[in-house]
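Only one chain comes next, encoded as structure tokens, the form predicted on its own.
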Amino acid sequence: MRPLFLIAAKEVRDGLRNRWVLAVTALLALFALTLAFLGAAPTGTVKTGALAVTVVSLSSLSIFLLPLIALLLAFDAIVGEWERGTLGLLLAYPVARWQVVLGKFVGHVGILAFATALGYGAAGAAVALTSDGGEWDGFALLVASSVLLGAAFVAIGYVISTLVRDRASAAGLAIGVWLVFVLIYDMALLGVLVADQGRSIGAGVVNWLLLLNPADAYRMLNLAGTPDVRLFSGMAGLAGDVRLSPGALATALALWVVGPLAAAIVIFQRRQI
């Protein structure tokens, strides 16, 4: 396992050298603090805790921002090494191909986890200092599931990086994947449900369709996970119709990490270098 951790440490060092860690952390902290201070303004009227408002705001932000950051971190993990001519040199060492993929994955997820925990933790600290707080279990769920969401899209980025032969194609595919999962999928699903008018697509089918998108699983897990957050986010009624437990949603997110990562390893094992 030593080569795996050496590769992971190298990815972290490269991230520090390229200032990825600093840039991602600063970006997440900036948005999180802005939403924490400005998003808590309605709490005096609706009698909702500032922490619940912050969780709802950060959940909506994370759905758009974290998948994009994760894909940008991961899209050239393999193909970039191949283009620079360093992949063959790396594989000349006594290291298995699965260790290369897994080591890079651990390093990139570590960068994303550090940035997420620090950035969102700053927002949590700001809420704790300026208000009475609220359901901290919902905030802890937000941070943990955000890391899981980022890991899922890092794994998807690795599938892209092992499939293509140049960075330009990988970048285009990464943006396309982001658009599909974050924007197009939900619009298409909404259009189908509106056209169907409840005739053939029931709640059970909707459950499965939501689980087929990691962004939707993340949204439901956070916006309907705790009573206070569910009430403020407007998901109270939907949570009664779409019967997905937090455990099922978290499992779906975990499978979105394991499945693409396993696929990336298999593809890389069969790739000619």
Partner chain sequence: MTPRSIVLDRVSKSFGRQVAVAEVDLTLGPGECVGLVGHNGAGKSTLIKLMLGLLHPSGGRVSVLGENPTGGGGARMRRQIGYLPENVALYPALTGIETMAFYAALKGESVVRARELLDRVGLPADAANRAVGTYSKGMRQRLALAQAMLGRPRVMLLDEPTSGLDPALRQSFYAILRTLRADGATVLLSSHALAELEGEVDRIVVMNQGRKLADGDLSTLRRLAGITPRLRARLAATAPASASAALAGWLPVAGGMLECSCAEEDIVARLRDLPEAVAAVEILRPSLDEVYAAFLRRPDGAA
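Bear in mind the structure is a predicted one, so any value in this text is a computation, not a measurement. Numbering follows the first chain given and starts at 1.
Just so you know, the form predicted together with the partner chain exists too; it's not on screen, but the next bit is about it.
Contact check for Glu81: a heavy atom falls within 4.5 Å of the partner chain in the predicted bound form. In the predicted bound form, the partner chain sits beyond 4.5 Å of every heavy atom of Leu193. For Val266, no non-hydrogen atom is located within 4.5 Å of the partner chain in the predicted bound form, even though that partner is not displayed. Interface membership of Thr130, defined by any non-hydrogen atom within 4.5 Å of the partner chain in the predicted bound form, is ruled out. Only one segment in the set 105-113, 91-99, 148-156, 168-176 has residues whose heavy atoms sit within 4.5 Å of the partner chain in the predicted bound form; it is 91-99.
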